[in-house]
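For reference, the chain that follows is the form predicted alone, supplied as structure tokens.
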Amino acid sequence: MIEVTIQLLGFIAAALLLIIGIAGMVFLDNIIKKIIAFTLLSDGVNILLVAIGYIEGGVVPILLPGMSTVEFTTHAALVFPVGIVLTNIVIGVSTTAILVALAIMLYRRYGTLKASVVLKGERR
């Protein structure tokens, strides 16, 4: 039987979210659905970064009393990917808020949220 680790599941989930997000942004015509696809894409990147930073049996990256430096360096989880994920979450929420505000403005101007109509510039 194939041993499935948490890290492998993270990579699979990230790949699925990335594929769904990219496909949604490319193939869907509704702007709100494109924004949701963008959010899924961003979440897929976040899960990918967390999966990269995961270490099986890892410990918190703080040197605790009584812990040798060799044990710490071999078992400590990676800090950088988690920091990038936290930053990416803040940026993603801000970007999503701006995209929703733009979608509201486009709806008020064109009366629809179809990207094909908005790109043609047909006003209501």
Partner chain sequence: MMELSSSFIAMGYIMVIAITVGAIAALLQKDLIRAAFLSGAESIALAFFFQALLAPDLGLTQAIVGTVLLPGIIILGIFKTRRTEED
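Take the two forms, superpose them, and find the largest set of C-alpha atoms that agree within 1.5 Å; that set is the rigid core. Residue numbers count along the first chain shown, from 1. On a predicted model such as this, the values are computed, not experimentally measured, just so you know.
Beyond what is shown, the protein has a form predicted together with its partner chain; the following relates to that form.
Residues from 54-81 that approach its partner chain in the predicted bound form with a non-hydrogen atom closer than or equal to 4.5 Å are Y54, I55, G58, V59, V60, P61, A77, in the order they occur in the chain. Annotation: Cα of I55 displaced by less than 2 Å between this form and the one not shown, core superposition.
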